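As structure tokens, one chain now follows by itself in the form predicted alone.
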Amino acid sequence: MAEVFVFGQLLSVEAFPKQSLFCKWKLHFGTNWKVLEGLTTGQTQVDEPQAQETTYWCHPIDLHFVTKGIQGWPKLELQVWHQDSFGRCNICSYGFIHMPSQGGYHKITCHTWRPIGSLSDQISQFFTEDSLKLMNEEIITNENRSRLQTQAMGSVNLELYVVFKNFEIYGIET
């Protein structure tokens, strides 16, 4: 079977209105794909920058896939969370990227968003500092989110290296 190696890191986030951020991530892929090594879900540590706006995580990603074809190409779902001074965790934003389909080094920026609700939801968010949470998280990686009202949030920076093996032997073109 053809193999794909993905390694790198969830590097940082920028332009978020809050500090003390961490990221939960999850990998989505089709039935033609199988993970031989590596984690398909994870969470970074909380970083509370003192003097800069950028939050750094430098959280490693190391995956080894085998595949029968390119259908169901892997996607990486990202959820940025905020931890307040009382230790409560609230969702800040959602985002996703397709794993790069070309070999080599890739510096990727994932622009994130959060759902906005009705006026009463927004007033409630202002006073409680709580965010709306999606009831169905499958919509994050679904590219048909046109009916969902969202607000742009910050961006997550990733550095990934992708290596392909045996794609030509099995007749798979990228």
Partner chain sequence: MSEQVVSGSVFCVSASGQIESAQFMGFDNIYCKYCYKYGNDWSVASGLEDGVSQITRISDDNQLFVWNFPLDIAFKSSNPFGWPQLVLSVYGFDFFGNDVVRGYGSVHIPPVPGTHRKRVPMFAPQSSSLVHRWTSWFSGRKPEFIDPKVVAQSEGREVIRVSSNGYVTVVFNVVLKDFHKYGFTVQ
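All values derive from a computational prediction rather than experimental measurement. Numbering follows the first chain given and starts at 1.
Beyond the structure shown, there is the form predicted in complex with the partner chain, which is absent from this document and is the topic of what follows.
In the model of the complex, every residue of the candidate spot (L39, H59 and Y161) has a heavy atom lying within 4.5 Å of the partner chain. The stretch from 39-47, 66-74, 133-141, 110-118 that comes within 4.5 Å of the partner chain in the model of the complex, counting heavy atoms only, is 39-47. Though the partner is left out of this view, S20 does reach within 4.5 Å of the partner chain in the model of the complex, counting heavy atoms only.
Residue contact with the partner chain in the model of the complex: Q52 places a heavy atom within 4.5 Å of it. The closest non-hydrogen atom of N90 lies beyond 4.5 Å of the partner chain in the model of the complex. Taking the partner from the other structure, the partner chain in the model of the complex has no heavy atom within 4.5 Å of any heavy atom of Q151. Contacts of stretch 3-18 with the partner chain in the model of the complex, defined by any heavy atom lying within 4.5 Å, are made by F5, F7, G8, Q9, L11, listed in sequence order.
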